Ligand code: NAP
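To begin, one chain is listed below as structure tokens, in the form predicted on its own.
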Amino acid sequence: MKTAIITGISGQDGPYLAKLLLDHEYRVVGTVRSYRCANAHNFKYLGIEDDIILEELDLLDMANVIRIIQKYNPDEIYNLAAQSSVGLSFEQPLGTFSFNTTSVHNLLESIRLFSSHTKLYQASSSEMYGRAHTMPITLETPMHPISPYGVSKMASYFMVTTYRESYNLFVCNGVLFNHESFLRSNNFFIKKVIRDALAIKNKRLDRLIVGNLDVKRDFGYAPKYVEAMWKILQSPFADDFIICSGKSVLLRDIVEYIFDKLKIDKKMILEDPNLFRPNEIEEIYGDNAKAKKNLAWNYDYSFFDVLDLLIEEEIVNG
């Protein structure tokens, strides 16, 4: 039986990944900063709350990282832990950069020194590419991050590639574009819009307040993206991959689709300039051809199909 450690398991992707690994008969160890931070609801929602070993882990403490690795001798580590809010990174740039880089470095160094057989998946981000001059984004596209979060992810990305090339470790970056699910936390855009739209429909809210809707993003479905994470570490060679839908969607079209679906007057949508980011990417989308070819990963969802799934799930279980 293989053993996998998932850091930051309480977020959106962790529970889906844990379920996939359990279905493949792994022993799954999930780490959280503290047991108080563990979101048991997401595990219960997927019916896996009794199948995961939870451990407290401070990723900024290398001795703590070494302790966990030596205790479980993992075959695979999926590092999903991060300060992952782009908006918050503008408010807390130093904390974002410090955590998102030091945590990755501690994992890499612990693997190098004490567990060189362990494979590492690092959750990278499309935010590393920032305002790219050409589309679609590929691994060869020059990185030009425009947020503290994007800068932190870029630094971690190159640290992973440096350890792979310098120390011959099986460490990989998965560059994931935006991906959504019912388990997404309420402060993220798609989840917020769906929940607020339902609140408006049910007379519990009188309007939807959002930031800039005239930007385009590449959105996908989280459970399918998690499948790609796993496939990256099953590949015969360590490599980096872009995981995306390959298409961009205007945020305004998403919001209006949700309102039309729920039969809500679009006059109740209010754009608040105070919510606009200080530096915004107007459009970004990626090229998933390498993942489809080398990982045999199939993805053919329209994001409006995904929205239908998310709206229905929120109505039934929200």
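Fair warning: this is a prediction, and the values are worked out from it, not measured in the lab. Heads up: residue numbers just count along the shown sequence, starting at 1.
From this point on, the text means the form predicted in complex with the ligand, which you will not see here.
In the predicted bound form, no heavy atom of T118 sits within 4.5 Å of the ligand. Proximity of A123 to the ligand in the predicted bound form: non-hydrogen atoms within 4.5 Å are present. Using a 4.5 Å cutoff between non-hydrogen atoms, V32 counts as a contact of the ligand in the predicted bound form. Taking the partner from the other structure, the ligand in the predicted bound form has a heavy atom within 4.5 Å of a heavy atom of A38. Only one segment in the set 138-146, 199-207, 156-164, 76-84 has any non-hydrogen atom within 4.5 angstroms of the ligand in the predicted bound form, and it is 76-84. Residue-level contacts in the predicted bound form: of I111, L176, M128, V171, one residue has a heavy atom within 4.5 Å of the ligand, and it is L176.
Site annotation in the predicted bound form: the residue of F182, F189, F99, W230 reaching within 4.5 Å of the ligand with a heavy atom is F99.
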